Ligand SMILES: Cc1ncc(COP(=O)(O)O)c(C=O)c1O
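Encoded as structure tokens, the following chain is the form predicted alone, with no partner shown.
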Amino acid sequence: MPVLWETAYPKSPVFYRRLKRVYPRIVRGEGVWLTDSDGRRYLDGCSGAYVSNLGHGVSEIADAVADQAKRFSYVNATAFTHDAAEELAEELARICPKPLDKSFFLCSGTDVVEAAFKLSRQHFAETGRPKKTRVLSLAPGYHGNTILSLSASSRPPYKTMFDGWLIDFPSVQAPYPYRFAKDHPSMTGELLEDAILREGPETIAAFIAEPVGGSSTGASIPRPGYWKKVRALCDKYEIFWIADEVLTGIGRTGTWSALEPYGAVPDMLLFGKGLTGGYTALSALVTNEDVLRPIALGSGALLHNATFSHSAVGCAAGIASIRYLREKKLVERSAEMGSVLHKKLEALLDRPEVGDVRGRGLLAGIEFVENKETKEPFARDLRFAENFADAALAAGLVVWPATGGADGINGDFAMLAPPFIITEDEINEIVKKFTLALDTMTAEAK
């Protein structure tokens, strides 16, 4: 059993994600539960980072990874293809709306966002429109940590340190029903068209957004008709619409794609996180022949190289995960248990610090506010979301703290996104531990 200080910087040789934190050391995962080296159990209420949608310890996925690694672990994707890539692309074409049926595989969500931007730029360059170089996005919004993907993200605290490196991409207010009336220009798409005209459609290559809000807007859900309006605007001004479903896709919102209920099809659909259930790193950019044809007839290749693109082991995990989801009807279960989760979470609305509970499927955002009447957020220097996440962990519940919903900086959330196998009793445990964490914070504040 490790001594606690061994899991903290600088005693450990690990370069941790956070250097001022002492980390519990996880030694086992089973279902929705994690166990650390002291035998303490945690209910994984956010699937890690919205990743472990199948739950922990699924031998079918681990076996598929091992079987592929035994046959061969790696081949250069510029020289070879293989069964795993071909079969996974077929599986994705089956679950994506037509005409999306061409898949490019990488490792992370940031990877496929970067690839989608480059694909958009390259398409227009190869069709005689080299001025279409810019990416339009929603604010708040987050799409990754590479320089290009971070440039298209509207999360000021993430960007401050890199001022001078980033590109000045335009953004517009995200639809946010908790804070805006249904006829507000951000809710109708009017602001989006205004931004396109202001920036000049001849300069914009792509518009990127999450169909259902991730941690940037706390699982905020646009009004019906919003995404059809986006589709019409992108068609009108010849702009590629990139749907970032790295977080919301592969069943998280109760459908394979969060866009399914809206009846609108993007030019590119991006998957990651839950694509392999966390058993390997894998992401996918799914697009269509119209996007690729000019490149196929021109330069002949997307100019985005990655050593581990089209990974055989990663693709094998993706195939096994999608088939497991389908065979066990876990996407349907996400919708079913999501209804239970949201109904149970309604009890939190009685709390003075809880302003809103929202989401779809097994994705929920709980927004914390200083004043429920005015919806005024807590002051950022109170670090309410981060402190709540620590209190929840102490209570045995893993949540995802998120900030910036109100204006990009202020506005605190706790995000919940448990594995699809969660039971009603375990959902009751989430609510119980969540409430205990709020009680702890209230007691400490007195």
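Please read all numbers here as calculations on a predicted model, not as lab measurements. In this text, residue numbers run from 1 along the sequence as written.
Not pictured, yet referred to below: the form predicted together with the named molecule.
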Site test, G109, V246 and K273 vs the named molecule in the predicted complex, non-hydrogen atom cutoff 4.5 Å: yes
Does at least one non-hydrogen atom of E367 fall within 4.5 angstroms of the named molecule in the predicted complex? no
Although the named molecule is absent from this view, report whether F117 comes within 4.5 Å of it in the predicted complex, heavy atoms only. no
Does Y142 reach the named molecule in the predicted complex if we count a contact as any heavy atom within 4.5 Å? yes
Within 4.5 Å of the named molecule in the predicted complex by heavy atoms, the stretch out of 217-225, 246-254, 72-80, 319-327 is 246-254
Where, within 201-215, is there a heavy atom within 4.5 Å of the named molecule in the predicted complex? Residue list please. E210
